[in-house]
Structures are given as structure tokens and as C-alpha cells.
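In the form predicted alone, a lone chain appears below as C-alpha cells.
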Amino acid sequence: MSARDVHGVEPPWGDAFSVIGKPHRKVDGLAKATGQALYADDLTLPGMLHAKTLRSPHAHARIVSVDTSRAEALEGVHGVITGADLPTPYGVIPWTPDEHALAVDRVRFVGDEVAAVAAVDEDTALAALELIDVTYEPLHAFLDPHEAAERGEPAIHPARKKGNVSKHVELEFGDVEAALADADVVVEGDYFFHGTTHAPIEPHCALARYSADGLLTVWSSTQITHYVHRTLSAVLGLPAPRIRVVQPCLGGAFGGKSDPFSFELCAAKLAMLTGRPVKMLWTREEVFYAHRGRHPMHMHYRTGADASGRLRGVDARILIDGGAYSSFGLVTTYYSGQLLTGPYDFPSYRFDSTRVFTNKPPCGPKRGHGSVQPRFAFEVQLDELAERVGLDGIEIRRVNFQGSDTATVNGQRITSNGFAECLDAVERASGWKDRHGKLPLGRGLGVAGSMYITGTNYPVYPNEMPQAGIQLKVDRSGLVTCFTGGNDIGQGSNSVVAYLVAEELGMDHRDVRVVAADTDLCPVDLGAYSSRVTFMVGNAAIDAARKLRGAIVGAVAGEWAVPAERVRMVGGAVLDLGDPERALTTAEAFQLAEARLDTLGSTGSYNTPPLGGDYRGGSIGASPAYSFTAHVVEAEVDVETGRITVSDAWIAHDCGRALNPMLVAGQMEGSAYMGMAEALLEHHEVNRFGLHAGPSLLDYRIPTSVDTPELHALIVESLDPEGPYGAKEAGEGPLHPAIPAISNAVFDAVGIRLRHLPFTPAKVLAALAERAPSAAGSGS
């Protein structure tokens, strides 16, 4: 592939990179490793107060009255607020503003925010919460999504016209019923994905300061700085130019910090009321109740194929448990169907997805948002289909591979597609041909594949402005500072900006500094979600760097009286390709260009081309590029205890070009780890009283190093024509196949199909017991 890309420019050095493709350290790696990095809770300001939140003990209730007088009278308390102080509703999706910073007329889940207190220390604030008197009128609580869908009263959100239905999407592409009727084989079944949460190391935290000149500054552990800025303006009634939002270092997010939250709004309001800085740090238990994790989904699939294994039609019916508020739920409902149509060719496809409100913590986006659950169901069903037509799991996926430079049945544009190479890679590395179906009883191999977006062409609020912007500042010393609104949440996006700019300007990447996620200093970026940062911010960085390079090269060429094509920036120098004796250091070239041109700098941006099908919702799930993944896992099933142990996972991921192979491999391994944790251990369980079963990292089980299998990252590079140097995403796509691959490995090991998550020992033993009579009857 030519190095020519979305910018229409071909670098003079082609594909011979000096920075890109090398395993560099993250730009913030040493600061984090040595403890020098500052996170939100590390920040302190003179006179700072501490804030705490009063939460509802009821899953569903009307608020009859709130009396804060005793709390206000407590010594050391400087401010108390309730829903009446923040009456404006909000939501990250502008069409569904159904949240309040503090409940106004009713509470909708155990843990819903009711009041907040700012005091001289946390103990005083907690004591004040005990003095707030709230009278509730309990209402029927909907804890089962089926009941919520069927019974609309009492409505969780009375203003809505559709009862407890949050969003319903039904789309059909082709005649599915006819396709299934003509199919030689049809597999039908029910699948369930339980709820899981993000469990980042860092809890949610914000520090707010309202200065004497009326400027509000909020430091927040968020992954969507720009949307927090917009929400603060709307809810507090402050003009946007009077608000600054800064994201410090972030200790993990995985989607759990991609909503504006009550703690940011409450800290800001209390700072405005008291005139003093206010910090609000949520406890681990509060983070569990704030949630926004993976939606539970009840899924019914029918899939038909001809005798050769070629898919004919896919029919999905999905019921989604959304919890108490909308969050990203509108998008989730579409994603649950729209993102399934690759890497396989679907001649016909229908999905009917319904998201309902329940009186549980609100669900939202978790790594692989919206499509992990359907991918689990479909990839297990695809294996069942393979068994019926006499193909192994890898062959049926090869038979249905859709290829590159094509379009899906629902109108998504596929550019590069390395899925076939991913299948080849895991087949070789795992020894699939020699070992699948041939291991001793209790051991098996399973395969699964997936597709995921690389950014979305659909901004959360529609507009024609760039989705990502970059500004570059040049210093005479030879330093370049990059200003990006992108949110680095640990994935290394700030590092990627430095690598790309250094590559374009022929510099050492350590001479490129990155300032990020500060709404006063940086251009707008929409945040770290939908795997958009590397692709969109990366393209913006290249755009800005090429403009700057053009100016510098032009100035040097003018000084040397040579054509610009003879001047090259590389290795920290500017060279005359026609005269090896003539060269400048980068710093000298910057100084020369500044003297000839003016103060040096440049801007760059990225926006997606028009994408998606020509129908309502056709742009949701449309992406400028898609990544592709294949997994093979090896699992062992103890038939006496029911315990599943995964020993090895081979993860092949088409990331376009690996800008930093070390970071890409880390994302691939982390994704697979998270998927396996969801399959075997994690469960965000809410009981019949609306209480979380175990809101702590002691009770919520995540794998330790002892539980983690050997993870083998196999990078596949397909070089996307529109990605930055061909790059695509690597942080979310590799999660999807992990869960169904385990289920398929269990079938290979002991002959049972696990369709309901999590895969607990009890479920394994029950499936083995159910299978035993039929196995005995068949003589096997």
C-alpha cells in the first residue's frame, strides 16, 4: 500500500519510518511509575472543602420532603444543596436529558443522589448527611426488565410517553423470513449476558474552584472533558467561556467515566455557593452504584445457512436492561444490532432491540460498548451452525468472510479487513488443526471472531465542526508542543500524538510535548469513546504537522535556494538531499523559519466523511474504519467441580498499522483479559431489594495474576487507507471474541453449550447433568 492517506499527501520517505512502528515508552510512563503523576484526588487547594453525597435507600420512591436545616447548623458545614438547587435536567445524549445532579421529585435506584454537603473535612460532611431528613413515599420497583417492558405503571420516568421503554429499534435488511425458510439448516436459541461494571483502580473524583472573577474551574477524572464542559454550562446556567474543565491523569475508565456525573455538578455548585474550592471523591461503593457498566441483555437468535455453511439470514430479538437512566442507551440500542454485520457476509438480517428502564443502577458504555453481548450470542450460535453442517469453527468463519472494500448488509462501508489473516494467525499459533477436537476429555479449543468501530461519524450532538483538533506550538529551542483535547485514559493516546508529530517533523519524540484535555488551552475533542482517539486525533495531528513541515521546509528551501523537494526533516536535522554537506539542526531550522515567516505554529483537524445507510439510525455504528479480531482459547473443565480454567488465549487483531506495537499488544491483552473476566468471574448483581450484591473489590470478583491465562498477542496489519499511517483501533475490538471463544472451547472440552453468563461452576455442573441422560441414551 502507498503511504498516501486521507490527507491526500504521500510522505517523501514512503513507508520508511523512524518513530512509527517502534516500541517506545509512553510519554507519561515514568511519571506514573515513579508516583510523580497527579490524579484528581492528589490535587489540593488552599481552603478546600470536602463534599459528600446523601443517597437513596429506596429503589423507587417519591420524595415528599427534604429538610436540611440540622445539617446546615452543624459546625464545620459550609454548604448544603438539594435537587431544588440544580433543577435543570441533563444527559450525555441531548435527546434524553432525564438525569438531575440531585433528585428533584423521585429517586429511581438504591444509591440515587438526593443531597450534597460541603464541610471542612470528610467526617464532618458525613456527619451532616446523617442530619438531613428525607421523607419518601415508596413506589413499586421494577427489577426485572421483562416486567418493566410489559407493565408501564408506575412509570419510572412519568414524562415519557412509552411507559418504561427507553428505546425501541427494529430494522430489517432483506427478507429474513424467506431466507430462513430456504435455509438448509436453522439454529435457534436464547442467550443471556449478565451485567458487569468497569472496576477502574481510580474512583470518580472532582475538584472545583470558583474564582473571584467568576471563572469556574473543574478538575475531573473524566474521559469526556468537552461534554462535561457543556453540561456544567447547561445545568449551572454559566456561560461556557466562564468554565474550564481539566482532566488530570486518569487511573482507568473503560467507558465508566464517559458520562457527565453528579459529583462534578455538585462540587461545582458547592464551590459557587461557598466561595471555596470543593473536592468530591466517591467511595468504591459509590462507584459501583453510579455504574454505567455493561447492559444485561436477553437475546433470542435464529440463524440459517445452506449446506455449505454460507449464512442465509440472521434474526435477533433483544431485551436490554438499561437501569434507571438513559445515559448512552439510545446508542446502545442501535449498537446491539448495527455492529454485528461483520466480519461475515449477511445476505439478510433483522434485529428488534428494546431497552427498558429498571430501578437499578444506570447502565452505559463499557469497553466494546453495545456489541459485546450480541457478539457472544451470535458467535456461539455460529459454532452450533458449524457443527450442524460439518465444518469446524475456523472454516465456517472463512466461508462467510465478507472481504475488504465492500459494504455490509446494513450499509456500513468496509475499507481494510484483515480478518482472514487473523484466522490464519490464531490457527497456526494455537495448533488448531492438530488439536481441535482431539484433546483429552475436559480440555478444548474454541474460536470466535468480531468487528468493531474505529471512531464514529456520529457526534453526540450533531454539528458540522471537526471531531478532533490539534494545535502545534514551535519553540526556538527545538521543542514542539502539541495541544489536543483528546482524553488519555491510560491507553496512550497522548503518546500517539507525540509519535505522529515527531515522525512528520523528523524529530526525536522526546522533543515533542503534549498538553491535553484542558478546555482553556486545547482545541475541542469529543472524548475517549468508541475507539475514536488514535484514528481521529491521529489524523488531526498529521494534518497539523504536515502544514508545519511545509512551512519549515519552504523557509529552509528559500534560504538555500533549492527546490522544497530537496529538503528533508529527519533524525533531528534538516538536510539538503542534493548536498550532503549542507544541514541544519531542527532548532536552527525552526529559528530560520521563524525569522522568515513569523511566530511558528499550525492547526489540524479531522472529521469523518458522510457514512452510513440511508435510513433512520443508519449513521449510528457507521465508522470510517473497522477493526477485526479472532481468538482461539484453550480451556479446561473440571467435570467434578464445574470450574473452567483458561490456560492460553491467542489474540489476533487487525489494527491497521501498529503505531507502537508494544502499546497495541498491551491493549489486545488487556481487552482479552477483561472479556475473560466477564465470562468467568464478574457480575454486577442487584438483588430483589435493589441492593448491589457486593459493591467492593473484595466481593466483585476480577481475575488476579493467578487467574490470568497466557495471553498471546498476534498483531495483524491491514493498513487502512484513511487511518493515520494506516492505523485503526486496538483498545476495544479485541475484547469481543474472548467470551464466545470460551463457550466454544467448553463445548469442545465436554460437549455442553453455555449460553447464559457468567459461566459459573454451578451452571457447568447443571449443563453436564442435563446432558448426561441423553449421552447415556446415545451410547456415548
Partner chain sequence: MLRLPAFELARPQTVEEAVALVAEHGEAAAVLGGGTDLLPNMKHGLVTPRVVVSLASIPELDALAVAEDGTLVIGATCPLAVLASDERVVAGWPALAQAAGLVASPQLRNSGTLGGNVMLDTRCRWINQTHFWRKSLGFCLKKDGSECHVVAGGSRCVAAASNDSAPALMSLGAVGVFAGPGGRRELPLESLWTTDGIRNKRTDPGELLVEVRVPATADGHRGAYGKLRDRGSIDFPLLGCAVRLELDETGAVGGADVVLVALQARPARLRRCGEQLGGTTPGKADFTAAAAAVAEAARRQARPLANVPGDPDYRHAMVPVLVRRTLEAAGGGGGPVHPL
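These figures come from a predicted structure and were not determined experimentally. Numbering follows the first chain given and starts at 1.
One more form of this protein, predicted together with the partner chain, exists but is not displayed; see below.
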| query | finding |
| --- | --- |
| Stretch in contact in the model of the complex with the partner chain, which is absent here, among 234 to 242, 282 to 290, 308 to 316, 501 to 509 (heavy atoms within 4.5 Å) | 282 to 290 |
| Non-hydrogen atom within 4.5 Å of the partner chain in the model of the complex for each of 34, 606 and 663 | no |
| Answer option from 643, 413, 157, 194, heavy atom within 4.5 Å of the partner chain in the model of the complex | 643 |
| The single option of 201, 595, 698, 73 touching the partner chain in the model of the complex, heavy atom within 4.5 Å | 698 |
| Close approach of residue 476 to the partner chain in the model of the complex, 4.5 Å, heavy atom | no |
| 4.5 Å heavy atom contact, residue 21 and the partner chain in the model of the complex | no |
| Residue 762, heavy atom within 4.5 angstroms of the partner chain in the model of the complex | yes |
| The partner chain contact in the model of the complex: residue 694, any heavy atom under 4.5 Å | yes |
| Within 4.5 Å of the partner chain in the model of the complex: residues from 673 to 688 (heavy atom criterion) | 681, 687, 688 |
